[in-house]
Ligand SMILES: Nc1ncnc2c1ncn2[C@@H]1O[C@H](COP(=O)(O)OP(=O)(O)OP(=O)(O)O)[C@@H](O)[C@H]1O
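For reference, the chain that follows is the form predicted alone, supplied as structure tokens.
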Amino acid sequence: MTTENLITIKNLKKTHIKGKQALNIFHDLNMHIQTGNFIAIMGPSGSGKTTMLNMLGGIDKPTSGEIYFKEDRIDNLSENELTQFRAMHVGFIFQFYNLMPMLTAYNNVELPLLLTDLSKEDKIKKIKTALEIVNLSDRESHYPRELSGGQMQRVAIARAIVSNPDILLCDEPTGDLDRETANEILGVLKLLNEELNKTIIMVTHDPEAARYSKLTLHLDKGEFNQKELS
């Protein structure tokens, strides 16, 4: 079976200006991310891991170079076009969940669908399916303060997948969890990858978390070294 490239990066350069000093994070970086891959990005603090994630999700833009999603170039899109791109194709999962405390689990998961033209019935079906996938159907009326850290992250995952995005971008998704809970969350991500063919890019400092991926990329001095995982 042929696997297509979901994301293609060409001659990517990212420079941060600090005072009078220019800090090059990436310089002429080229890479392909295939549909259905599960990639862990590791590297020292300040190496550009989160910057890379933000550029893939259209939150940040490269200084130069090109980023393609399938056949479409995204680095030169307007802010309105990027908002639409993210709503249609990208799900984000963060270390500290980023849930709205005044909303129930159900309503937190609903948020990405508010930008869509789906019928009420279709929205309900998608929300309940997402909560079922993360095994939280019995917690849909609970507020974040009534949930454990692991349950809150499951809500965040349900929110990320409710619009059926092509790619999940995860920034230290288990960094605030104990080992047992972290493994449960990683198991959910692995299920999404293997059963639903979701492409996942995960930034992590945790070697144990990286073991759940298919490919680990070590980022240092603007370059990737990779290791396939069995």
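This one's a predicted model, so the numbers in the text were calculated from it and none came from an experiment. Each residue number is its position in the shown sequence, starting from 1.
Unshown form predicted together with this ligand; subsequent notes refer to it.
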### Query
in the predicted bound form, which of the listed residues (His205, Lys190, Arg179, His32) lies with a heavy atom within 4.5 Å of this ligand?
His205
#### Entry: The single option of His218, His16, Lys221, Lys10 touching this ligand in the predicted bound form, heavy atom within 4.5 Å
His16
### Query
Do Pro44 and this ligand come within 4.5 Å of each other in the predicted bound form, heavy atoms counted?
yes
### Message
Check Glu184 for me: does it contact this ligand in the predicted bound form (non-hydrogen atoms, 4.5 angstroms)?
### Response
no
### Message
Quick check on Thr50: any heavy atom within 4.5 Å of this ligand in the predicted bound form?
### Response
yes
### Task
Please run the contact check for Ile25 against this ligand in the predicted bound form: heavy atoms, 4.5 angstroms, yes or no?
yes
### Query
What stretch, of 50-58, 66-74, 160-168, 193-201, brings heavy atoms to within 4.5 Å of this ligand in the predicted bound form?
50-58
### Task
Pull the contact list for 167-193: residues with a heavy atom within 4.5 Å of this ligand in the predicted bound form, in sequence order.
Glu172
